[in-house]
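Have a look below at one chain only, the form predicted alone, in structure tokens format.
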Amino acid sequence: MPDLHASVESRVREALARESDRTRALESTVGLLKAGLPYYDWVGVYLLDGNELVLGPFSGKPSPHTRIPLGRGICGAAAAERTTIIVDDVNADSRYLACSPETRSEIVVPIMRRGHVLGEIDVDSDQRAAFGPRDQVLIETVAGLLADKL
């Protein structure tokens, strides 16, 4: 059985090595993540603009949350705390800003360079408790790669 996480990481590395345009690099990354893991139902990048996260490229259903203040919601908390947040059941987390009624779990990983948050990767799944340690390592690795493009 192929290691999907390693395969996705390899494809993202290859795409980012070829891509010099920031927007296309972000678009490629979210597309590869969403296509590579079947339980990644929505993948997006938010970029920090002042004290707000602004939705950049994403793959999945449109989100009503195109601007999120730092500290608000799970996305805002991850950026403010500079840490990865995994939520197994978004309906049990009062911070969750509902994007889709189907979403059950979420992982948010800050994109950082030299201790400064530049943005974050947000992945939603329609499965409860979808994200584990391998997902965290993958998304944190990808966030590190993206930091070099921002």
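The shown structure was predicted, so the numbers you read here are calculated from the model rather than taken from an experiment. Quick note: we count residues from 1 along the sequence shown, nothing fancier.
There is another form of this protein, the form predicted together with methionine sulfoxide, and it is not shown here; the text below is about that form.
Under a 4.5 angstroms non-hydrogen atom cutoff, methionine sulfoxide in the model of the complex has Cys75 among its neighbouring residues. With a 4.5 Å cutoff on heavy atoms, Tyr96 counts as touching methionine sulfoxide in the model of the complex. Looking at Ile68, you'd find a heavy atom of it within 4.5 angstroms of methionine sulfoxide in the model of the complex. At a distance threshold of 4.5 angstroms between non-hydrogen atoms, Tyr46 is in contact with methionine sulfoxide in the model of the complex.
Shown without its partner, the chain has Asp122, Asp124 in segment 121-138 as residues with a non-hydrogen atom within 4.5 angstroms of methionine sulfoxide in the model of the complex.
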